[in-house]
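What follows is one chain in structure tokens, specifically the form predicted on its own.
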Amino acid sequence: MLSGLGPAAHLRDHGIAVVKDLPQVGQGMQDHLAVSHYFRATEATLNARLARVLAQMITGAQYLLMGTGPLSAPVNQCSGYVRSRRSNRVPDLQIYANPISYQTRTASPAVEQEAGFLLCAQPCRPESRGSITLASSDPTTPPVIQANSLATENDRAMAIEAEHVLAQLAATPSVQAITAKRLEPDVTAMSDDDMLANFRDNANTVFHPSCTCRMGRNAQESVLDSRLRVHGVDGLRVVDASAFPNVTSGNTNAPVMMLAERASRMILEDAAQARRV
């Protein structure tokens, strides 16, 4: 948009010369939201290694000097895909289980002192779409991000399903065996209305924003063609998660690498074709 590619009226509102009117730039944003529930543990967890300054220094040195220890592994040490209902044909939730508990809604996110763990669930295929627009023509000014999460009935239903699956996990014998206390709000004691309200209040992005320059058939409904070229702009492609027509059902990292590999072939193919012409 700052370069003059985007919705013409929006660009003019910010004093930006219109190079190409592309109404879908910044539109159609999708993201994954995940909700977590926290538990006190009966056994030692990574809280002991990461909650206190001295322990943090030792853990950091272990990683820097030997490449081992907690920092050598992803925080989501156990994850996978599940079906919220047995009748579902494919998995529709991604589950995370982390051997650590921490606060994310404080000014300074911090690992808790007591041993703990969390269970987390993320609906895979949200339908809601938001937008990213300009707040100013100044490139140092953050954009306006309107997530528009839980805008559809299906997304609200899936938020409740995610909570139900976490309640089932929390009630399993293996999880109960290491649970000293379920922290409030206790997912096993919630009604459906409580679950939806909790998801609204406490779900967080897992940093998968996508689709704001999505592929499609024409400039009225998309930004890119099937070869990742910006409609009506020669020599310009977009190769990242914003090119996805829909957010992928899981993490975006591998799909973006796949897209980049495919785009590199397209670029070479088009260059070869241009030389022949």
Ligand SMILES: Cc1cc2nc3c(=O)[nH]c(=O)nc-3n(C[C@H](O)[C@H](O)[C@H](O)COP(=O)(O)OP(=O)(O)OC[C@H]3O[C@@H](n4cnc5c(N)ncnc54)[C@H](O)[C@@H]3O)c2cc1C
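In this text, all values refer to a predicted model and were calculated from it rather than measured experimentally. One-based numbering along the sequence shown.
There is also a form predicted together with this ligand; it is not shown, and the following applies to it.
Visitor: Go through Gln27, Ser36, Thr252, Thr59 and name the one with a heavy atom inside 4.5 Å of this ligand in the model of the complex.
Guide: Contact residue from the list: Thr252.
Visitor: Tell me, out of Arg49, Arg40, Arg229, His208, which residue has a non-hydrogen atom within 4.5 angstroms of this ligand in the model of the complex.
Guide: Of the candidates Arg49, Arg40, Arg229, His208, His208 is the one lying within 4.5 Å of this ligand in the model of the complex.
Visitor: Which one, 153-161, 124-132, 200-208, 183-191, holds residues whose non-hydrogen atoms are within 4.5 Å of this ligand in the model of the complex?
Guide: The contacting stretch is 200-208.
Visitor: Is it the case that Asp240, even though its partner is missing from this view, gets within 4.5 Å of this ligand in the model of the complex, heavy atoms only?
Guide: Yes, contact at 4.5 Å.
Visitor: Determine whether any heavy atom of Val256 comes within 4.5 Å of a heavy atom of this ligand in the model of the complex, and answer yes or no.
Guide: Output for Val256 is yes: heavy atoms within 4.5 Å of this ligand.
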